[in-house]
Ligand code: DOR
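Coming up is one lone chain in structure tokens, specifically the form predicted alone.
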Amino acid sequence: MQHTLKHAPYERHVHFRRGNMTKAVAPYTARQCWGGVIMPNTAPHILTPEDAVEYRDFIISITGKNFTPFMVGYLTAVTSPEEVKRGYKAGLWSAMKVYPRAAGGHGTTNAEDGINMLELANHPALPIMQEIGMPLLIHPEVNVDKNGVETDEFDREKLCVAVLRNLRRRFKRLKISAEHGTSVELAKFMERYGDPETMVCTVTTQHLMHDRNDLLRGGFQPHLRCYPIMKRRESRDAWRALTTSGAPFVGAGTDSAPHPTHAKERARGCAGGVFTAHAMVPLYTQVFDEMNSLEYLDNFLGVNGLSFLGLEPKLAEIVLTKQPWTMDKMIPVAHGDKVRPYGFHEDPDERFQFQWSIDSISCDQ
């Protein structure tokens, strides 16, 4: 069985990290996508337009010019509206990303400079961003309540729906992307308020394929630990239904997040993130196939969300073949570090069976 895409895929949420890690992982995305939205929570963060340019050029030096990084700034409590506008008007960065600050200062990976989400609507940069048409990408979790008390991790995205509603009321023209949706509540919010020009969302492969039972089955599974944490099966199913419905405001953002195995496989402080970049297109295809919705896959991968970002889709002919395969190796980084990709296991009998593969790619440049 084969299926053909008419547009080149676009990655709307990916982590490349820095240095040797970028060199190891960025090519996996570039092989499947013509461009991608690059997250700014690197170490150090992307705090200025000049940071974004330096990082962009480094990425292109690895991927080649056929891959176009869409650069994003890290919005902190002290980021000035003037800096945001300067970078956008100069074409140095194209969106701002906000991360939730937690009680201990850590809401997700490298989010120590994040913002208390209950205070986000008061940030002085938001009116300027609305005025100039600059997108705001939101990690939609409330990690602390109004008293600064840590919230239940499984409820954090649900609590952020009220934040999104408030933003919609106060900034009707602000372009907002709710990233990596996981909860029933956010899925219902998007069903009602989703709009391809002003209110969009992304969803990962792992949140479409797994629920929290998988995270704990047979003992804690560190390589499924990510932010936001996996929810109940009904949440997974709500996002499977929304994603494969053909809704034009839902797009592919893997949130592929590499960590060396020593940071994932430790007794305490397991790093959050699932590395799926090596199989982005096959995994999304598998979900759409399981939901009998392959007719909507092309728009989901290569059209949805592009106009929101001020981009145009790229025509292509990508032939996908339904032929099972497994990932048979770790990904080397440097100095002995490795990344365990989704689906790999030392025991061949325990490896995940990917159902689809990319047979050929022909893309307009």
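All residue numbers refer to positions in the sequence shown, first residue = 1. Since this is a predicted model, take the numbers as computed values, not measurements.
Here the subject shifts to the form predicted in complex with the ligand, a form of this protein not shown in this document.
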Are H180, A257 and G272 jointly within 4.5 Å of the ligand in the model of the complex, each by at least one heavy atom? yes
Report the stretch among 279 to 287, 225 to 233, 88 to 96, 154 to 162 that approaches the ligand in the model of the complex to within 4.5 Å, counting heavy atoms only. 225 to 233
Which listed residue (T108, T198, T202, T205) meets the criterion of a heavy atom within 4.5 Å of the ligand in the model of the complex? T108
Since exactly one of Q32, N41, T63, N299 fits, which has a heavy atom within 4.5 Å of the ligand in the model of the complex? N41
Restricting to 10 to 24, the residues within 4.5 Å of the ligand in the model of the complex through any heavy atom are H15, R17
